[in-house]
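Take a look at this one chain, the form predicted alone, written out in structure tokens.
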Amino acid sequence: MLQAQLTIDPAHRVAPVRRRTFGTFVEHLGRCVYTGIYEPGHPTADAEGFRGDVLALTRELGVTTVRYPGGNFVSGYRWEDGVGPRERRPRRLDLAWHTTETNEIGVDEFVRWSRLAGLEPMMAVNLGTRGVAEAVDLLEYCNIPSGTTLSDLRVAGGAKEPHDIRMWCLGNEMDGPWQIGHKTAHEYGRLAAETARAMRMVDPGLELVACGSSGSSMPTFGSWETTVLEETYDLVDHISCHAYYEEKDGDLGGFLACATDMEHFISTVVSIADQVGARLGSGKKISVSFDEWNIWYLSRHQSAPPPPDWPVAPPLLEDHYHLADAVAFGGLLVTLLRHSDRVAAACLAQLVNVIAPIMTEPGGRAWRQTTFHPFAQAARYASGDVLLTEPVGPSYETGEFGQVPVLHAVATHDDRFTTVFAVNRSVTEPLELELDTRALGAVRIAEATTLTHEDVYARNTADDPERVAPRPNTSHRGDPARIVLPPVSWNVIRLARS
């Protein structure tokens, strides 16, 4: 059996747990919106057409913010298409996903759904095919109480109170050649700065996110961030990171360590931001908005032909996640928490059906994918402060990342509980974890659960929705100092004062 140690000391504080770490993402893509969050006529649908079963699972998932309406979709989106009477809304071709957008759901419906789910809305503006004027118009529509043409249009549509959206993304993945209106770093940086300046003229208190690289493997990574921040540093609050991971060539051990790339991504972007700030003589610190992250088998999507005949809400990117996916996913959550000093927000992409923790059948059932559980547990139990924890233990060799630790872990601490979130990346060996809790005083294990399965590729389905779910871990036998973590497992250990 492998062995590792973890020292927990509440004096070693990284930062408070940021609730926006547990954000999500709803894009007009595939079945995320239509037959996902919205399906009139579904047995659980309310008067607005929102699925009650999806709302219940969203609340259980514990998400706090939701980014909308894209994603690649936003770079061709005309927000005006989604306001006013539904029967008058135009149908448009969505070039991003080769589908037809009906615009049954628009800004007002999205905000109403967000409020029903208890979420803070986060809006993205189109800087692909549009620009400053359209972004300012959308802001006026959303946030001005009344008395202008656009705010009165919102009121006339039934939204009497302003939506008061505080966090805005200045475009999406503009570094990507796949993006409608793709730009160079200089072109985008100038447009983002102009848009930010104009939006702040309407509302100086907004939080604005500049587009960073859409992946650390992009050929412009680093230089993109430098150029964009040189143009926007004093006008924005955050710069975005996007990252998706998948198992490649049967390298399960390397896949389970994919958080190594996320660690490097965050650290590099923070370093670049601080260097730019120093050169500009600014005392301001730019934070990271990791507003797209997930496990996504992108290689499958890239090899698939586009949908024929511009369909409405076809099944797209519907990955069905197994246990190993959930464990790698849990490692990404650990990394986001470990960097809470600079990661101000994060968005799991996406919420329903499209590479999502929640799956639905049109007219039928909704269920939890394996990845639902690490997110729900972290959102529920991470509270107080993130603690600086440096696991000591064995490592193993991966083809992609070299030597990586078997144990990947983080701890949070509040007045009642200290919670350890831990991943055993070993494919074959259980790991005995020794917890040094002396700085906590007398503690006991209040709860310990493990997400694992004898088949690392076991999945949940509508017929067997709990095949992979957290189970009690009793290997500690009441001893708060030692617990055994099975191979390929996500683990939550909650310590309470005795």
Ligand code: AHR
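Quick note: we count residues from 1 along the sequence shown, nothing fancier. Since the model is a prediction, treat every value here as computed from it, not as a measurement.
If you look for the form predicted in complex with the named molecule, you will not find it shown, but the lines that follow are about it.
Mapping the unseen interface onto this chain, Phe290 falls outside it, with no heavy atom inside 4.5 Å of the named molecule in the predicted bound form.
Not displayed here, the named molecule is kept clear of Pro357 by more than 4.5 Å at the level of heavy atoms in the predicted bound form. Although the partner is absent here, Glu109 sits far enough away that none of its heavy atoms falls within 4.5 Å of the named molecule in the predicted bound form. Though the partner is left out of this view, Thr370 does not reach within 4.5 Å of the named molecule in the predicted bound form, counting heavy atoms only. Screening 464 to 472, 430 to 438, 39 to 47, 64 to 72 for residues having heavy atoms within 4.5 Å of the named molecule in the predicted bound form returns a single hit, 64 to 72.
Gln350 is the sole member of Ser240, Thr419, Thr232, Gln350 with a non-hydrogen atom lying within 4.5 angstroms of the named molecule in the predicted bound form.
Proximity to the named molecule in the predicted bound form, defined as a heavy atom within 4.5 Å, singles out one entry of Leu208, Leu317, Val83, Leu138, which is Leu317. Contacts with the named molecule in the predicted bound form, taken as any heavy atom within 4.5 Å, map within 165 to 190 to Asn172, Glu173, Trp178.
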